[in-house]
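There is one chain below, alone, in structure tokens, taken in the form predicted alone.
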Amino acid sequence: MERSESVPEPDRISPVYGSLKIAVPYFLLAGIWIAFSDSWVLLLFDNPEAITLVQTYKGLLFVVVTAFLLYLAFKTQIENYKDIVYRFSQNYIRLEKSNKKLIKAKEEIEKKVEELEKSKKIIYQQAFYDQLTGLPNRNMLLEDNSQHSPDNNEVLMLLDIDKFRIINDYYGFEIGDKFLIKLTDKLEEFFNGADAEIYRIVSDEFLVHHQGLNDLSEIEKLLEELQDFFSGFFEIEGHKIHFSYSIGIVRAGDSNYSTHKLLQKCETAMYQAKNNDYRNYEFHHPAMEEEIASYLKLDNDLRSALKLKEFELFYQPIFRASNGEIAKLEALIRWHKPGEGYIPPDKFIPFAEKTGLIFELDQRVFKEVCRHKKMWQRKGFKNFTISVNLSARQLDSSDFTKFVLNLIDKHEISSSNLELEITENAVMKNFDVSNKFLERMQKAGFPIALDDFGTGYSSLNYIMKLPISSIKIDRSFINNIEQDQQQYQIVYSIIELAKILGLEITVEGIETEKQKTLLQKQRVDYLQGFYLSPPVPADKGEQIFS
């Protein structure tokens, strides 16, 4: 049912106004009817009976008309009120629905707020606590301790498990995680009751923030007790996992440094501790910063030198002891640093091995060796071998084997013309892996020489297992053989042993004619040294053969 647009709004309804709308018209109509109808009756009729009859019908007509008019008035008013009531009811229903929606929205908002609070707690937990161990993490450490005062007794100790990656690789990550949980439990047990907080910084690094240590002796005593507390191994799912750890220590009271800076110093001291032979911890001291600065400078200089091609190859001849002819050339890398001249190899080769730059260095050496070898072969210099030093880092690299084989194939060089030199110490770092690498290279046709023989392990058992074709006796064995009979006998014994094993013998470090003569009498195969010829730059290599 459509509602009239004329229906008054609820706030416009008035009982007086509504009543007057009915009463006033009725009063006017009745007054007019009475005033005029009687006059008309008297004018039209003079018979009293007729007048009485007409008055009766006139009264009935008036009642009928007024009743009809009242009916219409009340009907209209009732419809208006009915429409208003309907609209009120509809508004009430809408309000009821809106109220329910608001209540539901309120409940949903409260639920969302509750979920947000839970999410906030989860995010906070994830941001500031380690999920595996439940310990506060690095973020919490930096949040809790932004600055330190020199007036307190704070000590930060960063503990790192040595070679933890091997535990993960060998036993699997599940065992590795259980190992870390076990370590956490043991650390919490040890520091229980002390004024100390334990944090897991990353992976296998844990930091202890201790605020109750007054002097150096107390710290060292605590570290000794910690060493005694750990048995050196954990029993996990039937596995007896042995481990060691290194600790870097910073006394926060020695400075006003922020926690971030102190943590950095802990890292520095911890890595220094890993190189200690006599104890597993190290206190940070200013000299370490200088070492790091030198380390970074050398690293930057080496990388820059590789890009700018500051490395050069020199070649030192190796002569046949029997007739003095050149049999081999040993390739020696030199770093020509602008403004400083030539940098000795022992100043940068160990560092390059440590940082991994040795891979790129070795590749450049082999590329240059192959290029020079091919160039000299084309010029008719063919009957010689180039000896190249291999770093320990290459001995477990299958990619390096492929690289060298592709290189000699590209330059059309026989593998028999490239001798690989490797030191005893390099081989013994991982004998099984090194031996397999050398066997692969031997099968590919490369002759292999054991360099610096006698300065390393010198185990006959290991030497017999290696696929080597020759040894190089280190210069330290012949420095004084002219005067020292005992040293001469040692060299003689090494030479006789090599002959028994069927190995060719090269003696390096020949500095005098007498050394040369003595060694020729011992029937060694090759001689090398500054007395015979110093290393020469590659661009003057042809002069060696003339």
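Heads up: residue numbers just count along the shown sequence, starting at 1. All values reported here derive from a predicted model rather than from experimental measurement.
The next section is about a form of this same protein that is not shown, the form predicted in complex with a small molecule.
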4.5 angstroms heavy atom contact with the small molecule in the predicted complex for residue 201: no
Contact flag, residue 282 vs the small molecule in the predicted complex, heavy atom cut 4.5 Å: no
4.5 angstroms heavy atom contact with the small molecule in the predicted complex for residue 513: no
The small molecule contact in the predicted complex: residue 172, any heavy atom under 4.5 Å: no
Listed residue (298, 349, 226, 135) with a non-hydrogen atom within 4.5 angstroms of the small molecule in the predicted complex: 349
The small molecule: the contacting residue among 219, 236, 333, 288 in the predicted complex [heavy atom, 4.5 Å]: 333
The small molecule in the predicted complex: contacting segment from 96 to 104, 384 to 392, 187 to 195, 83 to 91, heavy atom within 4.5 Å: 384 to 392
